[in-house]
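Given as structure tokens, the chain that follows is alone and in the form predicted alone.
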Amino acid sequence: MNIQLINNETKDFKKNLTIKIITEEKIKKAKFKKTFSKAGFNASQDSYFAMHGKSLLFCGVENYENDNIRSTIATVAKNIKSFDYKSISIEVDDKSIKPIIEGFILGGYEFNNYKSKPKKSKIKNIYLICENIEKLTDVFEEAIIISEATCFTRDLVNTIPEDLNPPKLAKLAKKLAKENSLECSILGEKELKTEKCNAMLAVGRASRHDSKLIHLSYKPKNAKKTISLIGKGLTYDSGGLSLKPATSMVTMKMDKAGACAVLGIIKAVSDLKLDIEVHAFVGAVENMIGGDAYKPDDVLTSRKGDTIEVRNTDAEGRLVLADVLDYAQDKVEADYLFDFATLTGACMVALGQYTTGIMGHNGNLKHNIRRSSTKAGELTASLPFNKYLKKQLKSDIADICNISNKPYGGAITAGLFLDNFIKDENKEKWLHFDIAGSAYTESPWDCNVHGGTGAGVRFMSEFIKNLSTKS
């Protein structure tokens, strides 16, 4: 649907549905309160009531906070596609415009690439009506860019493994680089061997698709800060020889969500033209089974030089990230180093399926990220490191083991494994984001529909935008 910001004097629409957001308190004094009462509509959060005779649709909110506005508009966007209107109109102001745009774009998102006869919405235009267009133009454009970057990320997550394997992901990255004037370099398996990325190469050894290390760079003039983003790009994860149960293999196309997020973030930042230099590093690998598969009991030598005892081949993402993190630190001297990964089911056990886990050493940095995520409408929570959990990664035959020797604190021990590959001078600059729960859903919630959510794009875009505005 086409979204336009228009002046409030332009209201002569044909076949237009007007949306009104209303609270339970205001419904008591509303013009149509008797009709609402007969219909049983009390304006509870995410409820809606259509008066088609008057081309009106009322959306209920608990209050006018951004999260509630976005959620109720997303509910409407998901449910009105069969309505016989050509357009929708809704009044906006400087506070409501962003969550309304996000509600329509993210809530109305569909991934129909594999449907032979996708249903098309009859609604073609969304009109956002305001008193002063110039006052709202910047926030309008920003909200559109970040929402579209989130949908771009969702598209990548939802694409099936055969259509987005490591070489195809590298090709897509080159296309993004061309479209957004980014620098791009791709390391194939020959170059990865030269770089001694043996842990990453081991994970992809049984796949018929070559592993790739992708590096995209956005370099504006006079950049205020430099950020490196590292994404886990398991385009499919069978678990390797530590084979996943059949039901757990379904949805494993989402194991590339960390990589998709960092591509979505650099797209958003470059489209917004922020004066922050951003580097996106992606370890694109497929973890499969076969005669050449790496094995439990293998000992791998990482790019850093540390040896890793493999006790579970399904703890593969951290092996890929170990090499990519080391490579990224050598290639770019960044002010911030953030990795995104669908790393552990344990993070979902700890925080639920809606929340991104944050791990790292810098309390102030975690606080700033939490503040950005709250403003952006994404849920995050910190998981604490401690020296006792770190001991659970001890190996008797190598420098470190790829899984904990106890079945507790799995998300944190995975983060501590990655911490082993962060240089001392970068410890306070680094955060790890476990998006295993938040990156994909089979049950729609808030502005998310079935499939990839684009987790990380909105809150990291908000964080980078804040850095850009600081003097």
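Note that this is a predicted model, so its numbers are computed, not measured. Residue numbers here begin at 1 and follow the sequence given.
Not pictured, yet referred to below: the form predicted in complex with a small molecule.
K.L.:
Look up in the model of the complex whether Ala74 has a non-hydrogen atom within 4.5 angstroms of the small molecule, and give yes or no.
P.N.:
Close contact is absent here: in the model of the complex, Ala74 is far from the small molecule, nothing within 4.5 Å, heavy atoms only.
K.L.:
So, in the model of the complex, is Ala436 in contact with the small molecule at a 4.5 angstroms heavy atom limit?
P.N.:
So Ala436 counts as contacting the small molecule.
K.L.:
With a cut-off of 4.5 Å between heavy atoms, is Glu91 one of the residues that contacts the small molecule in the model of the complex?
P.N.:
Heavy-atom contact with the small molecule at 4.5 Å: absent for Glu91.
K.L.:
Mark Thr342 yes when one of its heavy atoms lies within 4.5 Å of a heavy atom of the small molecule in the model of the complex, and no otherwise.
P.N.:
Yes.
K.L.:
At 4.5 Å between heavy atoms, only one of the stretches 257 to 265, 377 to 385, 136 to 144, 306 to 314 reaches the small molecule in the model of the complex; which one is it?
P.N.:
It is the stretch 306 to 314.
K.L.:
Using a 4.5 Å heavy atom cut-off, are Ala202, Lys253 and Ile289 all in contact with the small molecule in the model of the complex?
P.N.:
Judged in the model of the complex, none of Ala202, Lys253 and Ile289 sits within 4.5 Å of the small molecule.
K.L.:
Considering Ala346, Ala206, Leu365, Leu274, which brings a non-hydrogen atom within 4.5 Å of the small molecule in the model of the complex?
P.N.:
If I apply the 4.5 Å criterion carefully, the residue I get is Ala346.
K.L.:
Just one of Leu431, Ile422, Leu57, Ile403 has a heavy atom within 4.5 Å of the small molecule in the model of the complex. Which one?
P.N.:
Filtering the options by heavy-atom distance leaves Ile403.
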